[in-house]
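One chain follows as structure tokens, the form predicted alone.
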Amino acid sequence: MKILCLIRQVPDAEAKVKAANGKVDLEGATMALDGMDEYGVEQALRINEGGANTVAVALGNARFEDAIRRALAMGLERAVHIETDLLLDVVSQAQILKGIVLEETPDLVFVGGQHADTDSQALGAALAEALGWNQVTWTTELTFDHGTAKATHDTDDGKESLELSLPAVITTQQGLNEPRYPTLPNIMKAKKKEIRKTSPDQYGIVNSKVKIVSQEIQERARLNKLIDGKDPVAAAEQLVKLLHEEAKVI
């Protein structure tokens, strides 16, 4: 079975980012392979032991090569990097990625269920629509039987089990598996693995349909409320009330 894993590089969860001149500045920020994409990489490796016929595909700027190398170090066989500095909307991304998928002719395409930077959940569905393929989103279980995929995914009401024929697009999330850490020997091997470079204009898409007018970082002012700790029970009750009614975290 041939499997493509779409991957993205995003700011690390602990990275410090800033906004300047209406744009988020990631210069100097620590970047990482999107955690949602790691579940797809791991699942591909579990399906194809040894990583044979597994391909990482990334659409992004030159810095994305770090994320690509991590995916290769986890065990994927090779990679395709569609290099661009353009900020592309999801539909334009899907049209570009469609070209790579049709070139590679995989049985499965794994896509992270939600992007850590843009918070978007749309790429998997947009790619499936562009290809005219079956899809399952938010997948937590996946097995195969004679060319048919059997999947379980999350819904608003609980879980749903599906059967679908291949080829298909599957979006991945926490619960599907536990991604492995790259070993030192595999990190060294990844440096020699093939990364094929290409560009969006080879697929007829050079401009995004959506223009980003400005970007800013959300900031929340601290309330700086102090709780009188003389009565521990009363203090605990007040804390719970504040967390529930004002912070809205419980």
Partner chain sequence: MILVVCEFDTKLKKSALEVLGAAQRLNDGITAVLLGAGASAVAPEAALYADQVLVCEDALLEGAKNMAQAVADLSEQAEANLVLISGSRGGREVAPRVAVRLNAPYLEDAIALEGIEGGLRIQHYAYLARVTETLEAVAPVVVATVKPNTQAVGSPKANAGDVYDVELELSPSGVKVLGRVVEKSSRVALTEASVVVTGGRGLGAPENFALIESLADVLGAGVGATRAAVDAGWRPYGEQVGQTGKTVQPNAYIAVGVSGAVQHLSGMGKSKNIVAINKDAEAPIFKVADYGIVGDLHAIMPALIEAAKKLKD
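Predicted model only: the values in this text are computed from it and were never measured. Residue numbers count along the first chain shown, from 1. Superpose the two forms; the largest set of C-alphas matching within 1.5 Å is the rigid core.
Not on display, but discussed next: the form predicted together with the partner chain.
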property	result
The single option of Lys191, Lys225, Arg63, Arg196 touching the partner chain in the predicted bound form, heavy atom within 4.5 Å	Lys225
Listed residue that, although the partner chain is not shown, lies within 4.5 Å of it in the predicted bound form (heavy atoms), from Glu104, Glu141, Glu83, Glu129	Glu129
4.5 Å heavy atom contact, Leu108 and the partner chain in the predicted bound form	no
The partner chain contact at Glu163 in the predicted bound form, heavy atom, 4.5 Å	yes
Residue contact check: Ala20 to the partner chain in the predicted bound form, 4.5 Å heavy atom	no
is_contact(Leu184, the partner chain) in the predicted bound form, heavy atom dist at most 4.5 Å	no
Stretch 115-129 - residues with a heavy atom within 4.5 Å of the partner chain in the predicted bound form	Ala116, Asp117, Thr118, Asp119, Ser120, Gln121, Ala122, Ala125, Ala126, Ala128, Glu129
Val24 C-alpha shift between the shown form and the other one of 2 Å or more, rigid core reference	no
